[in-house]
Structures are given as structure tokens and as C-alpha cells.
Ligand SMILES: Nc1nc2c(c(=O)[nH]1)N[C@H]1C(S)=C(S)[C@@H](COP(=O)(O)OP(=O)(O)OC[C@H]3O[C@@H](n4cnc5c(=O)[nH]c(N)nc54)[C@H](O)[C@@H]3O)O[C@H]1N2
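Okay, so here's just one chain, in C-alpha cells, the form predicted alone.
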């Protein structure tokens, strides 16, 4: 049996373990003593490995390049040369006719690694000539990046995950670690055992609320109003650090003026919280020793005022002096394993690798020189966001979409609108490992190696770079992502060639001072390298902003407070319930990975669950476990009722992994205007009972079977070798190859 060291491909905790391999099949995992996991793994870490083996439980792997000769044609398996020549010719034609900004590309936070993302953004900027590149952080932690850069200068965690257990107080706001990051939740439990105070603010009574010293059951959609009231208490109850404010911040007077109108007593009708409890929580947070942590998730970011809430959170840490010292500050924990890394690598329309701005002439000069280009080749204008895709295609401004490792048909809001967009874009390229609802719509399919079949570096949520190795050789004709990008770039007139990921990584870190010390050698010697880590350093900074020195231009924190604005779509008589999307502990993202793992697939299946309060269920004649119909102004889906008193009345919760119970068929394409992040945490919906449960169960299975079969039928076309002719006995399925 072989053992290969990897970093978990799921959440952003960065857990380290061995993949166990026999006869070219992964057969298990063995936890290692990683910095974060310390010899332990969560459910997905233990059991989420066998998708690599192409189990076909949910959907098959893509193993060969395929193209459609024209829109509406069937997939045809071709050679790599033909697929890349076909793609290069079409993209060059679009650039010649409409300019480089008629093309958009994505990065991937799901297993490709930092090196692949670096090469993809280099291809986009140096070869195509556009900054239209984005990644899934746009739909999750985009507001964390924007808001934290506004206040502190850097859009990252200021502390380390392992340091959470040594905090004096942990304040969780819109974040459910027991489901999203079980290994992080373990650190919070340890902190509690060591005497830390725990504050939880969440509409649901989440797992961590059970051990909280103070649980604040806030109303959905009230974040900015609540945080302003929290800041009001800090100021009026004498809990601010006046010296820190005077020496290390700007804008306090304006900040205080805004929050002055948000006394807890005045906004209790908005927040739903007993004012006295807000005062108590503020005191507990501000007086904690040795430090306090503000931790948040997508309950903060996927809101209409996501950026504004993040700016207020960061400002709260500053005015209380709970930042710039060990185990303190701000801790937005990323949901996918390399969301931090894809942003680090410049998968962002306004930022090069290392968060260097594309509109800075000196930055462009540096990258142009390193990439062997005249500086005029690098576009000085920030590009379009991923959430701009729909309207840009409708307006005819975007003709080509190159989707790398994402499944927007499943993960983006208003799913039917997104599917129509992907059907209508003139040229749609997908580079992925599975046949999905998105790849099924592509004009070109480029099969990539999966996690476990390549090496590279991931960045955990707390800025830790960690190296992972390949456990298996590529399957079929799959190629490494970075090889595909480099080969395509060469065919389009900008030659790129790398021997391995080490070459790519060292090129990248040579261009980013904060990454320069994170060599492969350092990671091999130390086990990880946490940025900022300068050239020649072997140890990075566990905690940012020491002594109150921030990474803004003037090295001070720029405090921000904003007025509260109601969510876009409020409940009414027709749609009286609030819909909020959440995570599933046993599944991940669009489920193409975890859905192909035997143990995880056995835990839960279609159509997923809709969580609701017993009173809301009773009012609609719904019983626990029944199939129900959930509908909004965007669409209608089936889901299974999960009735629980831990759910707040008037709100229902759905996870976004399911196909038949797809909550994103119901959500709105409305975004935070500052970050472009969708308002997935608040939209209006309604539920209805289905009296014939036998019919309902059969209907769910019928829809599920048909969708899976459609994916199989498209994947089966790769079994027809180039030049061969497929013969169909059953037009719905390829079952003979001549």
C-alpha cells in the first residue's frame, strides 16, 4: 500500500492527511498531524476520497476532449490537438472581431491548486488581454475581501485557525462552524474548555449556540442594524480603546455619528434581540483577555449589505482594541478549500497575484517585465465580475466564457436564468473533471486531472500555504490544468512552458513580496508557510497588524459604519416565508465530488431537505420527512421537510448541493453593489404540502433519474474514439460503438 500526503479538497481549514492507494485505486485516508487538524479529520475528510476512482455514483468523469462542431450539435470526441486548435481559433476570432473584453474566464477554488490558478490568470491577462477573470469567492467571501481591504488594507484572516482555542472570547456572527468547518468547531470547543467566552449571533439555534455563554437570536437580514447597535454599546458603555483609536485609526467621529442612531433599544424591532443582551455581549467581547475573535461566514457575506457588514465588523475589532495582538481580530473562514488561494493568485478582476491592483502603473510594469510583454499589453481597467455574466451575454458584450472547475448552473442564483445564459453565450469552454449540469452545456470540454492526480499548493483560510502531492497518475487523456492553459496560450500566440508546478510557484512568489519566502523548500521543511513571509524568512506571521500597523497606505485602519437598508425582497401575503441557503455537513459545493463518494452519498440523497419551524409546518399541514413543494418568484422545486424547533419561525433553510431540490432555482440574481455577491441569504418563498406522497416520491425519483441519464448520455460520447461512428439502438443512450 502506498501513502501520499495531501491537503483536504473540501473546506478552507487546510487539514493534512495521507491518501492510501492500492492497485491504482484510493482505498482510504490516514490523518496526519497537520497544523490545523492535529491527527483528526471530519466526515468529508475521512470519507470523501473515492470520487477520484470514477465511481459513477452520481455522474461520470470526463476523460477525453470533446467538442460540438456547431451550436446544437452532439458532443464529439477529438484529439487534444484538435480540441485546443478549435478553441484557439474561435477565441482569436472573437478577440479580433470584438476585442479581448468579449471573453471572460474563471479560476477554480476546488482542487486545481495555486499554480493552475496563477497560470490561468496569466493566460487571461498576458495572452487574451483582459482582466475579465473571477472565481467563486465572488459568490461567497467577496465582501470579506472588499470590506477588509477598505478598513484594514488586506482581505484576509488576521489570526490563525489553531490560535482560536487560545482566544479569550470567540464571537461567531452568521457562521455555523459545526457544519461548515467541523475541525474549526473543534478548536472552538477547546477554547471553551480553556475558559473562553463564546458569543453566537444567528437566527437559527446552531450547534455552537448550545455551548455559548450568550446566544443572540437575531432576525434574518438585520446584520448592519445589529452590528451598529453592538458598536453603539461599545461606545456608550465605555468599552472602546481610546488610545488605539487615536493612534491607529481614522474616521472614528463619522463612525460614531452613524451608530449613534442604533441604540439596541431603538432597533430591537429590526434585530429581534433583547437590548440588555446586546449590552452584555458587547461587554463580554470587549473585556476578554487575552483577546477576542470576530468570526463570520456567508450569513454575513451573502447579503445585500455584505461589504458594509464586514466593514463594521472590522471597525468593531479596531475600536475595542481587539486586533493587532496574538489570537485576535477578524476571522472570515473560507468555505472551499482554496478560495483564499485562488484570490491570492489574482483570480480577481481588479487584482494581480498578491492583491496588487491592475490599475497601478508600477504593478503593471513589474508584471509586464516578468512576463516578457510591452506594458501596453496589460489592460489597466478592472474587468467584469462573474455575477455580471448574465447581463453581459444578454447585451451581446460577452461572446466567450471559459469556465474552469466551477458549476455555475448549480451554484449561482436564479439557476434557470444562468442555464439560459450558458446556452446562449456564443462560445462556452468548460475545463472540469465531471460531467455536470454546466459541462453538459459546453461547446468544448477539456478533461483535467482531479485532486489526487496532481501536485501543487493550497492556501488555507488563515493564509497558510501547504504543498500536496499526486497519489495517482492521470486517468484517460486527462491533463493538468496548468498544462492545458499553457498549451492553449502558446497556440494563441503567447508561448508558455513549464516543466512542473515548482517552476510556476517560484515564478509567482518572485512577483509578490508577501509570498516570497514560501518556497517549496520552506514548505517541505516547516510543513507550511504562512503569508506574509518575506524572502529569506522561514516563518511567516501568525497574526496580522502587530501593534496596530495596518496594510493601508497610511498604515491606519479606516473605520466605516453604514446605515441599515432592508433586504431586497421582503415576505408578503403570496410569499410569506424567508428563504436562506445554508451548508450540508456531509456534502460539498455542487456535490459532484462528494456525491461520487460511497459513504457520503449514502448519508443523504435527493431532493435534500428544507428546514422549518414546527409552527410553519403545522400551518401548512406538513409533516417531518414528507416531500413538499417550495416555490418563489423564480421557480419551484421539491424538497423533504425537516421540522425542528431549532429553526426560527418564518424562515426556511435549504442547502445548495441538490439537483431536484435546487435552492438556487428559487434565489434572486440581486447582488451587493459593492462586491457583486448575490443576496442568497434572504428571498421570499412559500411551501405547500403534497397530499399524494407516493406520487411525490416517484416524481422526485423520475426527475433525478432522467437528469442523471442525460449526464451519462453526454459522457458516453467520449467512448466514441475520434473518427469512429456511433450507432444508436436507443436514441437516448449510446450503447454501441463501431
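Quick caveat: nothing in here was measured; it's all calculated off a predicted structure. Residue numbers count along the first chain shown, from 1.
In what follows, reference is made to the form predicted together with this ligand, a form of this protein that is not presented.
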query	finding
Heavy atom contact within 4.5 Å of this ligand in the predicted complex, the stretch among 488-496, 550-558, 246-254, 332-340	332-340
The single option of 364, 279, 583, 325 touching this ligand in the predicted complex, heavy atom within 4.5 Å	583
Answer option from 608, 297, 353, 155, heavy atom within 4.5 Å of this ligand in the predicted complex	297
This ligand in the predicted complex reached by all of 110, 201 and 667, non-hydrogen atom within 4.5 Å	yes
Residue 708 within 4.5 Å of this ligand in the predicted complex, heavy atoms	no
Interface membership of residue 134, this ligand in the predicted complex, 4.5 Å heavy atom rule	no
Touches this ligand in the predicted complex: residue 148 (any heavy atom, 4.5 Å)	no
Contact label in the predicted complex: residue 124 to this ligand, heavy atom within 4.5 Å	no
Neighbours of this ligand in the predicted complex among 655-669 [non-hydrogen atom within 4.5 angstroms]	656, 657, 663, 664, 667
